[in-house]
Structure formats: C-alpha cells, structure tokens
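Just one chain is shown here, as structure tokens, and it is the form predicted alone.
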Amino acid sequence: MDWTPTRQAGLERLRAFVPHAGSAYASGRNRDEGWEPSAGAGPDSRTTVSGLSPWIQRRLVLESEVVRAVTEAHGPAQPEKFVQEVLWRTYWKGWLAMRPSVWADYLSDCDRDAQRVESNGRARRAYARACDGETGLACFDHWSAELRETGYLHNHARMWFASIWTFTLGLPWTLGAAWFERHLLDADAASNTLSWRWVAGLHTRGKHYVARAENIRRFTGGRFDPTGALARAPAALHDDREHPREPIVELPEAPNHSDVRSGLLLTTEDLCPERSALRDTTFVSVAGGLPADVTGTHGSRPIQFHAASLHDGLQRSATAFAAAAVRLPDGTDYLDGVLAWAHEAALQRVVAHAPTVGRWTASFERLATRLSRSGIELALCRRAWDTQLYPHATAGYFKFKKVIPDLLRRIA
C-alpha cells in the first residue's frame, strides 16, 4: 500500500476501498494475504483490508467520513463488520480516557521490564532475536520483518504476533507493545496498549488470546504452519492492580467566540481542524511540532509520517483559516517553541483539540502550566464524535457496539 501522508491520499484510498467494504470485507477480513520483501514497501495487492488506519489515527481522514462513505455505498447492514473495526479505535480511546492509570502503569512497567531484560543475558538475547526476526519461527520472523520494513501488519497477524511474543517466547508484553509503537505507522497509545493487554488476558481478566497453528495455517492460505511450535495451553497473565473508572473531563467543541487573539496548535492526533467545530473560529496563526514524548518513542518511518502529515495539516489549516503557518521545533525544544510562537504572535489564547491519553498527554500538561505562567490560556476542545461515544466505553466492546445503529442513523 502507498501510505502518502496527506489528507488527499487518504481520501483517495478511502474511495478505492469503498467498493470492498461490504460483504467482501466481512468474508475476507481475517485473511492475511501476505507481503513479499521483493515487493518493496507496500503489499498493494491486499484487498481484504482498507489500509486506512495511518490516516484515521492522525485524523487526516475522519471516522465519520469513513463510516458515511461505506454506508452510503452499501447501506447500514453490509458494512457492519468494517464499521465495527473503525469504532474499535474510538472504544479503546474512550476506555483509556476513563482509566488513565492503566497508561501510567504501562509506562512504569515498560521501564521496569526493559531493565530486567537488559540485566538478564538469556532474556536479552531472546528479546533481540524477536525484534530482529531471528527466532527460527517462520511466521513470527516474517511478521517481524514486515513490520520493520513497511510499518504495517494485518490485524490478525498483530494478534498472532502478540500471543507468540507473550506466551511462546515468554517475553514481557509491555516490551512487545513498545516495539509495535516504535514501528507501526498507525500506532495509537490506546489501541496498541489495550490490544496487547487483551491478548495477555489483562483487559478482560482471565480471557486471553492464544495463537493456534491451525488458525494461522488457514488464514495465511497455508503459507505458514507452526504446528508443534506454539505454546498450547498457556495461562493468562495476572495483575491485581485496580483501575477505577474516572469521569471524562467535559470539553467544548470550540472555544467561545470572543475577541481573544487566538492561535491554533495542531497535534498529529487531529490534522483536519477545518472539518470540525473550530472552522468558525478566527486564528491569527497556526502552528505544530512533535514533542520529545513522540519523537523519542517512534522509529524513523513513523516519525517521517508524523512530520509529513503535520506539514500537510499546517498547509491546509493556513489556507482554511487564512492564517500564517509556523512549523515548531521537534523533540526537547518543542515546549520552548510553542511559548516562543505564542509570544511572537502576541497570543492571548492557544486552542487545540485535546490529545487523548497517550504520548501527547504529558507534553500538554507541561504546556498548560507554562502558558498559564505567561498569562496565556490553553483552550482544549473535543470533537462531537468523541464526546458522544467515549461515555459508552465503560465496559467491554460488545456493550459499546450497541450504540452503532444509532450512530449510523445520525450520520445518515
């Protein structure tokens, strides 16, 4: 697939996939059609998946646009399976928004597990072989190479990979989640972390996902058959820590329409502000960059996608809002860059779509403090899509998906 990091490319990909989003997707979505190294960076022949996730993750293409396009083409029933997959990301984000302690524990556990692996020669070598695709398990090594070289894995392959990593290779799930985050073009803190927790049996306690050789053989078209090589009956992982549900902070769709001199700050979690309630807000300047929490956790391929998609978002926003576009510095200079931009533009208010729980969170907490000290307001907003759907992510996905029919009616 050609993942050009622009909104236009994402919309073109959506148009190309819409004819396949109905019964064809429902019947073929579990098949991993494969990837060949000689084919370069994209398995262009894949027709059973949309490949839209890198654009959706950054909201270069909006969830509502995707759902509307497939339901207009197929009606509400045929694309139900595909719509459910789109909604999984919203579910994960809403679930984590109500349990931010899960993310905090993941970060600390990841640091702890990395130190433990590094201090144990055997574990260190096993971890290196898994990352380098040198375990001797053909399917796993193939997926490792595909992820490193393309930034992509089929959803079914992601589950197999995570299960083998955790239960067959016996490696810490946290390091597997971090490795995915480093390489996936569509890496999303909520979807990635919570999916790994689900595989391990921590999301729904005692209910884990165990990769089966017959399943892998069937859905890879016989390309792989790890019979006898996988853990057969591993126990689910266990964690006694409780994560009580917290209320989601209420945020407006847009700031009030006062005469406050405002600037728009973009993140790579929402790069289409012109198609939001912010469209009627006046901005004198638009800016964006990548904080150290983002640049320090992703590999070169995802960072390139982040940077190029941010450029696309800045250019479109500058045109839409008739405002100057400023590319802020990345890494450890990001916060200083935001402050300098705000002062140079004489801003009284910085407006942004609130980042979800994940890599942007800590940077925005620090940013709010620094702006406040300078007498500048940080006005965070949230899209109606998230405001309406997040509160339904209180328990499992099956409860959440009950809202889908009503969602489709509203979109129609």
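Numbering starts at 1 and follows the sequence shown. In this text, all values refer to a predicted model and were calculated from it rather than measured experimentally.
Note that the form predicted in complex with a small molecule isn't included here; everything after this is about it.
Contact annotation: of the candidates 192, 276, 71, 174, the single residue with a non-hydrogen atom within 4.5 angstroms of the small molecule in the predicted complex is 192. None of 92, 283, 106, 341 but one reaches within 4.5 angstroms of the small molecule in the predicted complex through a heavy atom, and that residue is 92. Per the 4.5 Å heavy atom criterion, the small molecule in the predicted complex is contacted by stretch 159-167, the sole one of 287-295, 159-167, 245-253, 224-232. Although the partner is absent from the chain shown here, none of 334, 336 and 378 has a heavy atom within 4.5 Å of the small molecule in the predicted complex. The small molecule in the predicted complex is not approached by residue 78, whose heavy atoms all lie more than 4.5 angstroms from it. Shown alone here, residue 301 lies farther than 4.5 Å from the small molecule in the predicted complex, counting heavy atoms only. Though the partner is left out of this view, residue 51 does reach within 4.5 Å of the small molecule in the predicted complex, counting heavy atoms only. In the predicted complex, the small molecule stays beyond 4.5 Å of every heavy atom belonging to residue 306.
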